[in-house]
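Coming up is one lone chain in structure tokens, specifically the form predicted on its own.
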Amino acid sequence: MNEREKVLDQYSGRVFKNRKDHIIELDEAGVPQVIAANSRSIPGLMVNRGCCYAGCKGVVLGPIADAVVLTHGPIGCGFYSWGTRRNKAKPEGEGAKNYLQYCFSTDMQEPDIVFGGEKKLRQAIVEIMEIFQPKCIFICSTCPVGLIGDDIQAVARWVKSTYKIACAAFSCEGYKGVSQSAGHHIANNGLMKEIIGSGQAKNSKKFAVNLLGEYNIGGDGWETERLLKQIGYEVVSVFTGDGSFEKMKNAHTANLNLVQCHRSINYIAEMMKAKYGIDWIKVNFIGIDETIRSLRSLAIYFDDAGLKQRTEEVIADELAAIEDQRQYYRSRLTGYTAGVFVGGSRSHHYQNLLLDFGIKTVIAGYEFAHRDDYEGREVLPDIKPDADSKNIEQLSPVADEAHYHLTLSKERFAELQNEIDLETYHGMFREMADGTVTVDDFNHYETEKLIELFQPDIFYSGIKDKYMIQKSGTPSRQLHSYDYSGPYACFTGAINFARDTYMSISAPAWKYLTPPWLVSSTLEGSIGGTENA
């Protein structure tokens, strides 16, 4: 019985039938395997997913600094998605707005559910305009709004006509789709329809790029932008960490889109290619070797001798600055093993960073991935859309004659596809070793069982499961907000990550503690109906 079978062995027949295709033990690295993904979790299993609203408001729209993101729903939904992911932002220029420190919500109560909440939504917007005077408002609906039928799209049209500002409504009720992934798609659609291309700027410089799927957690985006600008790139806009509505309006003027988190933003990359002719390239600025590969791929794409030279100079300078620390942490961490279970593309990206310091990943998985995140984009034609997928609007933009522009000829594009990751994503499987286990939509039991079987030295996870893992005696760091550390991107970030990892492994405090519930009873009581009850 292999490790996969040992995990599944404890399930009932019904649960086994559902989970067996979500757990894959890799026999040969690089050999294609099929995994079940992007399907609804079994009710009753303790999983780590978020909802559609969390993906739309909490992930994609929330980090945009100069737009008011208004949650139309109960206050708990708004609070859940506010201030949790450490999407850092700073206003640029005099008078620039930054609303990230605020939690905007209509705070729906029971009477609003019964009689409708549109009046309250309009009043909230009136107050927002009086107090903050934003140039853009995003309205995000939660589950009750979808159930009672408030027309947030009509309210958005009212805002645009009344206040002459940008306003987009996102029907991202939590129950839509199977996870936060549906919310990413809805947010991408809204930004594409209402914001991107609405600016009046002319085409940017030759080396102009958009950075997609970078949410500036712990300052990652700032570190990546620093490198790109140092080489000579113009960063037109970032989607969406430290993002700006004002800059996103002119995203269509860039010449190349850099896709960091594939899962959350690939829709925009593909739609911008169809509408504006902008190519996209899969990059990864998590990890030293991956950062180098990504920077060199960009230089190859633009095919400019000066740009290539500056790229190599910056790489050499960055490596020289971290070399001593790199060797130190590699000597301390080589031989350790890790489990990685987070969202987006991070489970894939961080395996490369761990390898930079000699750490092998033995368990990995995603919260809300699709099959192509595991197997690569070539499987897209084989994925059959289900009812949940059909529930999300599929946009089919046509070429914008005024702004459509190609950077490469079709012949050059075809040549480069054999050299760099141009409009492709290879997925996580290909870089995992034999005997490792990949699990889609981990649950509490599977996490505990796999830790028991593989005994990793450290487990990288999310907020919900971090402390359960530590209480089992395994050090854990969560990669959704970096445990108030960071940045972890690029060269300097890699050293920060190695430092935090070494600190965690070297001081596994939980191993020296005995939980009180293991040695003494923590509950006392008596049977109801007795004299002492």
Partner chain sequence: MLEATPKEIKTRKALRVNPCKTCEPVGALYAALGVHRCMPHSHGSQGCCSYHRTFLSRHFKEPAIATTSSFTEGASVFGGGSNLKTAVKNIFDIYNPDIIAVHTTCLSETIGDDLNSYIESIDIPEGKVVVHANTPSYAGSHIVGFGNMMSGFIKYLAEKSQAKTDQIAIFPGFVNPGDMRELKRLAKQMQVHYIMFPDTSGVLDAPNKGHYEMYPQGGTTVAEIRGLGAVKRVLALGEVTCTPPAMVLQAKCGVNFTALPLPIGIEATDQYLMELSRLVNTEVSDSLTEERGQLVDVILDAQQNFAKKTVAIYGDPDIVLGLTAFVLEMGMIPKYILTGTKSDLFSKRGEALFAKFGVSGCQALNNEDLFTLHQLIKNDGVDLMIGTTHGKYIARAEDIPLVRAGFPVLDRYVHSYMPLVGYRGAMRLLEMICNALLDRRDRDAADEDFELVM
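Numbering follows the first chain given and starts at 1. None of the values given here were measured: they were computed from a predicted structure.
In what follows, reference is made to the form predicted in complex with its partner chain, a form of this protein that is not presented.
Enquirer: Picking from 293 to 301, 408 to 416, 158 to 166, 116 to 124, which part of the chain touches its partner chain in the predicted bound form when contact means heavy atoms within 4.5 Å?
Expert: The contacting stretch is 116 to 124.
Enquirer: Taking its partner chain as it sits in the predicted bound form, is S345 in contact with it (heavy atom to heavy atom, 4.5 Å or less)?
Expert: S345: no contact with its partner chain in the predicted bound form.
Enquirer: Taking any heavy atom pair closer than or equal to 4.5 Å as contact, tell me whether I128 reaches its partner chain in the predicted bound form.
Expert: Heavy-atom contact with its partner chain at 4.5 Å: present for I128.
Enquirer: Whether G219 contacts its partner chain in the predicted bound form should be assessed with a 4.5 Å heavy atom distance threshold; does it?
Expert: No, G219 sits far enough from its partner chain in the predicted bound form that none of its heavy atoms falls within 4.5 Å.
Enquirer: Indicate whether its partner chain has at least one heavy atom within 4.5 Å of a heavy atom of D107 in the predicted bound form.
Expert: Although its partner chain is absent here, D107 would touch it in the predicted bound form, with heavy atoms inside 4.5 Å.
Enquirer: Sort through L26, V47, I495, I505 and report the residue having a heavy atom within 4.5 Å of its partner chain in the predicted bound form.
Expert: Of the candidates L26, V47, I495, I505, V47 is the one lying within 4.5 Å of its partner chain in the predicted bound form.
Enquirer: Just give me the single entry in Q325, T84, Q230, Q309 that has a non-hydrogen atom within 4.5 angstroms of its partner chain in the predicted bound form.
Expert: When its partner chain is considered in the predicted bound form, the option within 4.5 Å is T84.
Enquirer: Looking at its partner chain in the predicted bound form, is some heavy atom of each of I75, G177 and G473 within 4.5 Å of it?
Expert: Per the other structure, all of I75, G177 and G473 touch its partner chain.
Enquirer: For the stretch 444 to 478, I need every residue with any heavy atom inside 4.5 Å of its partner chain in the predicted bound form, listed N to C.
Expert: If the 4.5 Å heavy-atom criterion is applied to its partner chain in the predicted bound form, 444 to 478 yields H444, Y445, E448, I463, K464, Y467, M468, Q470, K471, S472, G473.
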